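Below you will find one chain, with nothing else, as structure tokens; this is the form predicted on its own, and questions on how it binds or moves follow later.
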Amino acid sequence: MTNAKFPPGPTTNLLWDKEANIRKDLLGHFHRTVRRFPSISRAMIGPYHYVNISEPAYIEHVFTHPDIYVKGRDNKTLRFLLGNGLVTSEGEFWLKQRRLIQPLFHKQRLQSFVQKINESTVTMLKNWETKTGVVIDMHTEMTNVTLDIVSQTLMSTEVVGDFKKISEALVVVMEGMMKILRLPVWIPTPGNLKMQKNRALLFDTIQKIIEDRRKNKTEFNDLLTMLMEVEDADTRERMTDEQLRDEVITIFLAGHETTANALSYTFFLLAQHAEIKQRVVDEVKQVVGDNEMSFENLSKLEYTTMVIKESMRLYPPVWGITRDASREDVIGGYRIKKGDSIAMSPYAVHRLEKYWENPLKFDPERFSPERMKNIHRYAWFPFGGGQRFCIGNNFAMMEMQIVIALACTQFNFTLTENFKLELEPLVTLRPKHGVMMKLERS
């Protein structure tokens, strides 16, 4: 056992601390804590100790020592929704699944999905032509288009109606999971019963799609087919239906929910910065012109990519990441006790003056290669890090590039008068009351 001291931190139990107010203002709590205790702090929340880390070098240490820092208590809650998919699984099973799934997200595979993303986006924009001048909720629009994209690329077009049900059930489960004072899921409270009912709807719908696909002899070019056909190199085993279901739900959440949120925040920011939007339009016209968007074009949309990264700095869809210490360790000279939960908040770190000049300013240029040379790689970590870095990050970036490029060249966006963005930190960071704006043809 080390002689190092525990990190500094508040002496009260934060669960009952009115000033900390974590039940009603979790984001604000993280935001305040990383300023009051720069780099690292330790506090009690209920019966557990949480170590809050905001120093990029410490964050890197946690991500790059998966033998010490494992998925823990918070992961059990997430497993209720995602089963034993890539996000929640551990050890040898996780490694095996990661090796099976990784090739599905190689760039040559992703190229085949560009046309499907294009088609979904074009359909949305045609629909927007009937909505000019009226108030729309951009979050609803982005939820619908990413729903269409994930249903086309993951499971092909005939399941769009099912995916609408899945999306709505997902929100109910996520809201229930994020209640800080919540009885175990197996206790039949009204809230728990509602969660269980909606999770059953999720699982049953996806299970039925998998069963129908097994019976269908038609050839599909989608991720479900790839997941069903992929084999373990050593054993030649394929995934069971349960494994397929868990991976499909995981890809669905990552490919739909998080991307819809990121796009909503990007349009929210662009609506307030006409000059930045115009630069996106100019770049798209220069790179793509009158041609259809292609995979080759995407790598050339450098400024558009900087806009997305800057939006994800200010509003990272995955706003908090936790690990549990499986044994004693020392970080920055401070003792980490076995069983401590490590909390890292991209939302809080991305807004720290220490690492980002004028952090609340929307400034895509800060992601230019020259300026990024001076930024620690873990000062920006919306996709996590280490060996568990988000497997679908390239797919998500490609999806966002296409939607933003096509939408910006055809429409202007203005926020409705008196609109105020309110954030809701569930499993993902959602805009609580949507993003209300008006569309006009550009």
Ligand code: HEM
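Not measured: the values here are computed from a predicted model. Throughout, we count residues from 1 along the sequence that is shown.
As for the form predicted together with ligand HEM, it is not shown, yet the points below apply to it.
Q: Of 113 to 121, 84 to 92, 267 to 275, 349 to 357, which is the one stretch near ligand HEM in the predicted bound form, taking non-hydrogen atoms within 4.5 angstroms as near?
A: Correct option: 84 to 92.
Q: To verify the annotation, which of these, 142, 307, 155, 262, has a non-hydrogen atom within 4.5 Å of ligand HEM in the predicted bound form?
A: None of the others qualify; the residue that does is 262.
Q: Using a 4.5 Å heavy atom cut-off, which residue among 323, 245, 366, 313 comes into contact with ligand HEM in the predicted bound form?
A: Answer to the contact question: 323.
Q: Check whether residue 390 has any heavy atom within 4.5 Å of a heavy atom of ligand HEM in the predicted bound form, and answer yes or no.
A: Although ligand HEM is absent here, residue 390 would touch it in the predicted bound form, with heavy atoms inside 4.5 Å.
Q: In the predicted bound form, does residue 199 come within 4.5 Å of ligand HEM, counting heavy atoms only?
A: Although ligand HEM is absent here, residue 199 would stay clear of it in the predicted bound form, with no heavy atoms inside 4.5 Å.
Q: In the predicted bound form, does residue 80 come within 4.5 Å of ligand HEM, counting heavy atoms only?
A: No, no contact at 4.5 Å.
Q: I'd like to know if residue 384 sits close to ligand HEM in the predicted bound form, meaning any non-hydrogen atom pair within 4.5 angstroms.
A: Residue 384 belongs to the contact set for ligand HEM.
Q: With the partner left out here, which residues of 45 to 80 have a non-hydrogen atom within 4.5 Å of ligand HEM in the predicted bound form?
A: Those in contact are 63, 71.
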